[in-house]
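This document starts with one chain, in the form predicted on its own, laid out as structure tokens.
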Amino acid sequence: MPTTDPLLDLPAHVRPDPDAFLQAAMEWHFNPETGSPFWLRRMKSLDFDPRKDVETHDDLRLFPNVVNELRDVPVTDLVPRGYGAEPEIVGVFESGGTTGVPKRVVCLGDWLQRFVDWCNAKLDAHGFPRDVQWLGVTPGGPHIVGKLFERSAYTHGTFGMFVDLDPRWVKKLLAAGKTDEARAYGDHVLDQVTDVLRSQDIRVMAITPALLDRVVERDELVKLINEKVSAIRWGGTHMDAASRQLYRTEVFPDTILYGHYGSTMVLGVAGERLGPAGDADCVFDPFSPYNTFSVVDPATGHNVRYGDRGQVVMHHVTKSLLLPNNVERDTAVRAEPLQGTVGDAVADIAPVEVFEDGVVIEGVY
């Protein structure tokens, strides 16, 4: 088994020096003994040497955006050879399909454990109760959010119950103009949520803003949540500042609201920054230096100024996966990162209307 730089295996609460970590990751992914077949093959077409020329976070711009190649690459080619003959694969996950045929990534056990540990620490910081029952109104496989929910529910909580979503089906209905059928699907989902909340002692709920908008149309469901649920974890679609303020102050005034923003292509999410009560701005910080963001001018690729809106570019750099320079469908306001982290924080997320020549439909996720 090849030797692994200890910087690649640190626990979640220990933050490595970002530059030293990045250089160790480049050595891992582009060393013939440890790199994945995909990147070792792709390296031949690069006009730079990642092991020599990528030294800081800004140098990730040197990489091409290879994310569309993940629609066809055999998933076995994405696993670094350094994991040996029996890597701990915890899932093959797909993008939502908003921009065409889904893209696939492989998630390994060491990353999932580190990421869930980080998520659980964030939940503690926001005051989520420990050792309680969870309800997830989220997609299951092939989307990573289902796996993340499951791991969080059984490590931070006790029991985790699901109401499954099929976001691709809803997007198809909306694309075909079948809004009545899409609405009926939402009713079908919320009927199941009501049934679970009537009979089970649910204290933490994960749900998308699109469905939360529908929840407030049902008095019984609002009452059940206010009686039982201590904390709501939201994500998957964007939430505007006015809706967030309304939920926090009038609809669910005694319930913690905590937002996420992420993508399957970074195998995780960024967490809402802890701020003063009533703060209208919702800033998201990724798990740096593993998941990082850049907010750029799409015409030049250069960072916009702090406070300005630009297109979101995501980077994932871990021992288990390298996926830099992934241009996302979303725009955001660039925010200053937390001290000691690299890349950008993001705020006021909004999807673009058209991405890669396709109309963007958010749907329920």
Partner chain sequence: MTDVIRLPALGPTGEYVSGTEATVHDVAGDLIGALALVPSVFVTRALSSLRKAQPLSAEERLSAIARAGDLFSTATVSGLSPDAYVHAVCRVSGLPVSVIHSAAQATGHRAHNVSRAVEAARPQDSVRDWRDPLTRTGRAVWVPKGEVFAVHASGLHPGGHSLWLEALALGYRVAVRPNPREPFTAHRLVAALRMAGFGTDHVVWLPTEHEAGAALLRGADLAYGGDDVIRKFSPSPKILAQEPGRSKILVTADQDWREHLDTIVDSASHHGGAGCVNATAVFVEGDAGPLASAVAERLGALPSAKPEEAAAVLPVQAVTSARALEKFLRMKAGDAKPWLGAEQVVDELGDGSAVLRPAVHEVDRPDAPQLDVELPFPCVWFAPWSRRDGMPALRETLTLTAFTEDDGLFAELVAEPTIANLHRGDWPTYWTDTGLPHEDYLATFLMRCKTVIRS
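Positions refer to the first chain, counted from 1. Every value quoted in this text rests on a predicted model; they were computed, and no experiment measured them.
One more form of this protein exists, namely the form predicted in complex with its partner chain; it is left out here, but the text below deals with it.
- Of the candidate stretches 149-157, 236-244, 109-117, 78-86, only 236-244 contains residues with a heavy atom within 4.5 Å of its partner chain in the model of the complex.
- Here the marked residues H143, L190 and T194 all miss its partner chain in the model of the complex; none has a heavy atom within 4.5 angstroms.
- Checking R214, H126, R168, K228 against its partner chain in the model of the complex, a heavy atom within 4.5 Å turns up for just one residue: R214.
- When you look in the model of the complex, the only residue of L224, V251, V132, M161 with a non-hydrogen atom within 4.5 Å of its partner chain is V251.
- With a 4.5 Å cutoff on heavy atoms, T179 counts as touching its partner chain in the model of the complex.
- Although the partner is absent here, E220 sits far enough away that none of its heavy atoms falls within 4.5 Å of its partner chain in the model of the complex.
- Residue contact check for K172: none of its heavy atoms lie within 4.5 Å of its partner chain in the model of the complex.
- Using a 4.5 Å cutoff between non-hydrogen atoms, R71 does not count as a contact of its partner chain in the model of the complex.
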